[in-house]
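The chain below stands alone and is given as structure tokens, in the form predicted alone.
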């Protein structure tokens, strides 16, 4: 898979360099540089075709739009992954805290209900297979 990315990266670098050179030719255009301009335009077309071939090899890869927003903002796209993991860990801790709290609440509720309604709670525990509150 990495070779596909390397291939795409290589074609993109060549394409960017060709566009840079094309910009230089166009910015200082002289009638005598028409042949060079035509050649660069042909290289640009073949470069786009090469990139299209690479795109077809990578069609199954989905990139979240937020990554492109990071890039547009001049931020490192690897920060997106880091921040996603940090958010997931924080959310995981919140959910774990809620689960622990509800487990303690259930245990306390069963304990208190057993004091007030011992017969009913004995039936409840028998149905749920609980010897002691969990």
Partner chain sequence: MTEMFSTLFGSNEAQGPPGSSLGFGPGKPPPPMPQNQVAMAGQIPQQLGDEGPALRKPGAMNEPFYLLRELPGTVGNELTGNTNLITHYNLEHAYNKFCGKKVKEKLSNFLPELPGMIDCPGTQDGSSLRSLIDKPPVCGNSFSPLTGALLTGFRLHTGPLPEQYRLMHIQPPKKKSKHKHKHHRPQDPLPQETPSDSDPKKKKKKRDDDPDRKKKKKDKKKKKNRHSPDHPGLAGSQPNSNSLR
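All figures in this text were calculated on a predicted structure; none of them were measured in a lab. Positions refer to the first chain, counted from 1.
Below: the form predicted in complex with its partner chain, not depicted.
Undergrad: With the partner left out here, check for me: in the predicted bound form, does some heavy atom of residue 115 sit within 4.5 Å of its partner chain?
TA: No, residue 115 sits far enough from its partner chain in the predicted bound form that none of its heavy atoms falls within 4.5 Å.
Undergrad: Residue 21 near its partner chain in the predicted bound form, any heavy atom under 4.5 Å?
TA: Although its partner chain is absent here, residue 21 would touch it in the predicted bound form, with heavy atoms inside 4.5 Å.
Undergrad: Counting only non-hydrogen atoms and a 4.5 angstroms cut-off, does residue 10 reach its partner chain in the predicted bound form?
TA: No.
Undergrad: In the predicted bound form, is there a heavy atom of its partner chain that lies within 4.5 Å of any heavy atom of residue 76, even though the partner is absent here?
TA: Close contact exists here: in the predicted bound form, residue 76 approaches its partner chain to within 4.5 Å, heavy atoms only.
Undergrad: Can you tell me which residues in 66 to 93 come within 4.5 angstroms of its partner chain in the predicted bound form, by heavy atoms?
TA: Stretch hits, in order: 68, 69, 71, 72, 73, 74, 75, 76, 77, 78, 79, 81, 82, 85, 86, 89, 92.
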